[in-house]
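So this first bit is one chain, no partners, the form predicted on its own, shown in structure tokens.
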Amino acid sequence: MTNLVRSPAWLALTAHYEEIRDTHMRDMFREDVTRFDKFSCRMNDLLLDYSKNRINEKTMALLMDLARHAGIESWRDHMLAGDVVNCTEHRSVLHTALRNRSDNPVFVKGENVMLKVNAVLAQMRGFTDKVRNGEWRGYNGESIKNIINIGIGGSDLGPQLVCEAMKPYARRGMRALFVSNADPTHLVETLKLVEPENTLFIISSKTFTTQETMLNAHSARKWFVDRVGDDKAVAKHFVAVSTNVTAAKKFGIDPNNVFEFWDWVGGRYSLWSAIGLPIALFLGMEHFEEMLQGAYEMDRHFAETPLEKNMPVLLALLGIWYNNFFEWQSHAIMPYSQYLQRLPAFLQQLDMESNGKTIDRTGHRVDYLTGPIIWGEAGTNGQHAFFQLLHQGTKPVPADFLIPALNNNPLGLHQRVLVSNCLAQTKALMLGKRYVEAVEELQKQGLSKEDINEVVQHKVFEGNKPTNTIIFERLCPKTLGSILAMYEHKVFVQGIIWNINSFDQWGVEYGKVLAGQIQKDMEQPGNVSHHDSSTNGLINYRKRIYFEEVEKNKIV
């Protein structure tokens, strides 16, 4: 067994689980009318209600013991100070420096990185101001109306989420579009929406070699040049977020329009960097900086608030409780805001790419569950899709519900209905419906005893399904920044407790290597036989179809 599962803190939680596992939350609420006050906390306008969890005060005390056994406070301080916490790549992890709104320096290997961070922010401000005020124009003098971000993973999901979520703050007449998939359909259908004269492309790739990104970038460049007939016009319509200035210049991008970020910025933590350029262009730099401010304030909350009232720590520990002691292996994200419809996808990458690991920081295989499966959908759509499983299925799924108290688009009763549905779902998941309650309900409907006996079991809800509710005044850049930073820190805390490195992604890299080998096989005529039989068969089947099409239609 690993040190974690042998630790006194872990063993105490294991014993406590046996004590509490069959206790129903409805009984907890009945016996303690102060649960909400005990198990909720605030940070600015964010209110976290975690009272609808299968916990009591002893549970939380034992979870805090686990956090302190893992050295959460020490690891947190090391990360924020710029110390090396990415052990497999020997890097600092300083996405927090990107949103450092204080005058305090942050050092990496003796260098105050805030000088570079602030220089790039100034470069972004100068560029976005020129584009938005019409000083920067396309090759024929037309102003920019469309921004197409070409990236993948963190270079796509974060900016896309924010641009979707912050549409009320966007510039009228400007559109932000995103291309990530190697499937040509994604690029082709996006390009149908724009004209080259008023479109600005942002190529986001740290090395300027990411396969999917550069494939789309070169195809977009060809589309552009074919329509305008001038290679030199590329410099007016393409910019890059990259460390590889040489490759960007070769592509046709002016070196002055290459925006830098650094190896201590992980892709899934990078929207706060120049990767956020499409956000700044779409919303304006002032709104981008408001988002940085919200994230910075969550960073300070994480750094300075006692663990017992620390939102990221609380969310992390509750996740540990269900993942490792109840052994529930998924977690749902339910934003009751259409603007946050991309939040589940963003958190999938943040959480699953960070903590989907089987090897700990010492190089040994873990003997406990690590990162959960993250999924979800915007409410109320999810209610009509998968909530049946949440309420009456055999797989318990803890869930986070997020809801703004006020809507950016006030319209009649809409927001009241939305909030009512959100709160009703968490209440129903907690309470359930007992057999006698189902019988009484059916009797009031006038059903006969025979009809009641036939249907009553289908009306019973077990309840006791845990949820967190995160409610805030209104979805704005500052609040969104706080929410995203909160989840980043939650993932970090869980990784520390599981003793894994949350900041590498070797599983992703391995797939890329194999894809490169198979791509070479695809380009050559004749069957292949050096893979496993399944891969050989699939490659050969596809090649046969492809080369028959080439011969028939002369495609390339």
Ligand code: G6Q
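Numbering starts at 1 and runs along the sequence shown. Predicted model only: the values in this text are computed from it and were never measured.
The form predicted together with this ligand exists for this protein as well; it is not shown, and the discussion that follows is about that form.
**Student:** With heavy atoms only and a cut-off of 4.5 Å, decide whether residue 512 touches this ligand in the predicted bound form.
**Tutor:** Because a heavy atom of residue 512 falls inside 4.5 Å of this ligand in the predicted bound form, the answer is yes.
**Student:** Decide whether residue 51 counts as a contact residue for this ligand in the predicted bound form under a heavy atom distance cut-off of 4.5 Å.
**Tutor:** So residue 51 does not count as contacting this ligand.
**Student:** Do residue 155 and this ligand share at least one heavy atom pair within 4.5 Å in the predicted bound form?
**Tutor:** Yes, contact at 4.5 Å.
**Student:** Residue-level contact is defined here as any heavy atom of the residue lying within 4.5 Å of this ligand in the predicted bound form; does residue 207 satisfy this criterion?
**Tutor:** Yes.
**Student:** Work out which of the listed stretches, 457 to 465, 349 to 357, 227 to 235, 392 to 400, brings a heavy atom within 4.5 angstroms of this ligand in the predicted bound form.
**Tutor:** Single hit among the candidates: 349 to 357.
**Student:** Counting non-hydrogen atoms within 4.5 angstroms of this ligand in the predicted bound form, say which of 95, 268, 301, 331 makes the cut.
**Tutor:** Answer to the contact question: 268.
**Student:** What residues of 495 to 526, in sequence order, lie within 4.5 Å of this ligand in the predicted bound form by heavy atom?
**Tutor:** Result: 505, 508, 512.
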